Every structure is written in structure tokens, then in C-alpha cells.
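Shown next as C-alpha cells: one chain only, the form predicted on its own.
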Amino acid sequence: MNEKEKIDSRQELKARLEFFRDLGVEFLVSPRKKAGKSQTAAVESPLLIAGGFSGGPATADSEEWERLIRKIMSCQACPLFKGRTQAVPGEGNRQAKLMFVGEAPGRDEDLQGRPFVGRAGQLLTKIIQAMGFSRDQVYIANVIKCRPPENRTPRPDEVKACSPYLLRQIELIKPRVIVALGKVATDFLLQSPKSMSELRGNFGEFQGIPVMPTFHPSYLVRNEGNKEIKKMVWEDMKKVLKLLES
């Protein structure tokens, strides 16, 4: 690694640590091998210290998944298919203990065919990393698989038409915990008349699976300077980690 690469790496690490600090992440420090009279130390996430991540129970075979993906990619169940570049089924570990469910693809997701890859997606990735995971260890999906025009909120008829795909994904993955990102996902999974502010931070249940409602990453992006909101989301994620560790 040359000097420029070292500087870039240090700057990236500094930016990541500052972001974690804004979240309110409580890092633990583990002593390592002694070096003379001093000790070196490594920063680890709470989950890694608790024992790391492992996949959930076995799911259906890959052929069943491929059939589901093909149905999503060719779906014309609602008018949203007319304006899409491509559908966005979801991605990640199909045996994940932890599943994130958002609202719908945005512009970047529609172009790339992957969920949460724009600014909000980059923020979600950092939150996942702060929890001690990588994106390929969890599963990320949306209630709606095609981008609504101008990123508007999906209509009830669109949710009704598209939701069987998400329901089947949940059935196949059998996650231990679902994080509902934002109001659309929370309303769909919990079917509660309460507001998002009332539901956020408290576990609900979907078909026996604990559901943690929290703010959508795009809400954090729109309120980028508000550290309190970031800390609220991190408090929600700590509850998720505690449940996964139990």
C-alpha cells in the first residue's frame, strides 16, 4: 500500500468512526497481545463480541427462489411495471436471521436492480456495518418491487398487488427479526392504527416474527444534521441486537 492509499484508508476509517459516534454506537475495546509495556487494542462491534452472525434455518431450494425472482422481474400486476427500468426483488442471505424491509425502489435502485444503493442505501449499509454485519449477511427487500413515479408513496392498490412477493420472501427466509424501515413497511407488517412515532422503537409482531419499526434511512438523509434521530435509530438497532443475541 502506497502513501496515498494509506492516507485515503485513514480518512475513510476516520469518517466511518465519526458516523458511528453520531449514531451513539457504544464500541467495546478488547485487549490484544502485549507490545512491550503497552497493549494494542481492537475496536469491535457489540455483535462480534457477542459471538458473530450465523444463518437462519434452511429455506427452499434455489429453484424455488429463481421462480419467485422470475415472477417479480416479469410482473405486470399493477401499472408500476410500465415505468420501471427493471424490478428490484431484493438481495442478501436467503437464510438470514435479520431482514430489512423498506418501502420501494428509488431512481438508483431502478437503474441497478438492487435495493438501497442510493444515498439512503449507503446510510443503511453503514448502520448494518455498525451492527456487526455486512450486507450479504442480512436480507434487504422492499414492500414494492417497482419504482413509483417520482418516488411517490406507493398506493394501497399497488401494495396489495405487490405484497405477495414480499410475503413469500419472508416465508422462505424465516428471519428471526424483521426491521421495518419507515411507515409503508411498518403499516404493512404491523397493520396498526398508531402513528410511526408511536410504533418506532417498540417490537411488534408479524406472523410470529418480531418486527422493529424504525425511521427510513431517507428520513435520516433529509435530516442529516440531526444527531438525535440517528441515535434513536441506533437505540432501535441495539434492541434488535439484544434479541438476536438471546
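Only a predicted model underlies this, so the values are computations on that prediction, with no experimental measurement involved. A residue's number is simply how far along the shown sequence it sits, counting from 1.
One more form of this protein, predicted together with uracil, exists but is not displayed; see below.
**Q** Uracil isn't shown here, but in the predicted complex, which of 155-163, 109-117, 171-179, 126-134 has heavy atoms within 4.5 Å of it?
**A** Looking at the other structure, the answer is 109-117.
**Q** Taking uracil as it sits in the predicted complex, is residue 104 near enough to touch it, meaning that at least one heavy atom pair lies within 4.5 angstroms?
**A** Yes, residue 104 sits close enough to uracil in the predicted complex that at least one of its heavy atoms falls within 4.5 Å.
**Q** Within 4.5 Å, heavy atoms only: does residue 216 come near uracil in the predicted complex?
**A** Contact check for residue 216: yes, within 4.5 Å of uracil in the predicted complex.
**Q** Could you pull out the residues of 136-162 that have any heavy atom within 4.5 Å of uracil in the predicted complex?
**A** Result: 142 alone.
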